[in-house]
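In the form predicted alone, a lone chain appears below as structure tokens.
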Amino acid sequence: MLPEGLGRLFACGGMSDGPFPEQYEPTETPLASNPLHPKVTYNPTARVLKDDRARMGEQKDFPYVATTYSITELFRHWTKHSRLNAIAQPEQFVEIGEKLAGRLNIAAGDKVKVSSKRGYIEAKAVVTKRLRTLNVMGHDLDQIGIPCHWGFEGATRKGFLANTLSPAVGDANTQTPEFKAFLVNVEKA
């Protein structure tokens, strides 16, 4: 937002990857190339430290895309100390689509292990119709959902920190971490 109350899509200064906004894939992507710009898959101006580059996964080892999100019953890590919130959502879970769960022989309530090149978490499986196998550029792609509320003690049962799995990549302009999309593997624990 600018002083005159308008926004601009063109910025002649202050943006590392400007002057126009651009679509890049996450640093860990299952796609071989960016659909809009095949020669530049992920943001070349993103902050990726040398040691973190070595801890990036590849689709052959981590074939599924994970996304972290918040759920209605909990607010970040704060409300897990509230007994009523803990009753509504007592323990950590991972959301898995029916088709993927069927292929992996995972049933609702099974304990699963989700791993990336950086670590792993274990949680109960919630098998759902919400997450479907996607067809992306002619290839089937499965995603899983990981609520980000666990990792610390509270009134809820102890769980794993979801960001154990995510890469340490900083947005080129804001240095905001790229915690929302990354590659994982899923298996019965």
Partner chain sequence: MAMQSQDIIRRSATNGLTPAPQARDHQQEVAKLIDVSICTGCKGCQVACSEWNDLRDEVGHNVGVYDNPADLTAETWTVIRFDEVEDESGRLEWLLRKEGCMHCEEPGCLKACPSPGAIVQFANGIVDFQSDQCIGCGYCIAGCPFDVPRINKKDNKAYKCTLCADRVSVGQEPACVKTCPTGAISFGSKADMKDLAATRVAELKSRGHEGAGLYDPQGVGGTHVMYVLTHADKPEMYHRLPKDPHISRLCAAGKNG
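What you are looking at is a predicted structure, and each value in this text was computed from that prediction instead of being measured. Numbering follows the first chain given and starts at 1.
The form predicted in complex with the partner chain exists for this protein as well; it is not shown, and the discussion that follows is about that form.
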One stretch from 160-168, 48-56, 33-41, 124-132 that, in the predicted bound form, holds residues within 4.5 Å of the partner chain by heavy atom: 124-132
Contact label in the predicted bound form: residue 83 to the partner chain, heavy atom within 4.5 Å: yes
Heavy atom of residue 116 within 4.5 Å of the partner chain in the predicted bound form: no
Contact of residue 105 with the partner chain in the predicted bound form (heavy atom, 4.5 Å): no
Heavy atom of residue 155 within 4.5 Å of the partner chain in the predicted bound form: yes
Residues from 80-103 in contact with the partner chain (non-hydrogen atom within 4.5 Å) in the predicted bound form: 83, 84, 86, 87, 88, 89, 90, 91, 93, 95
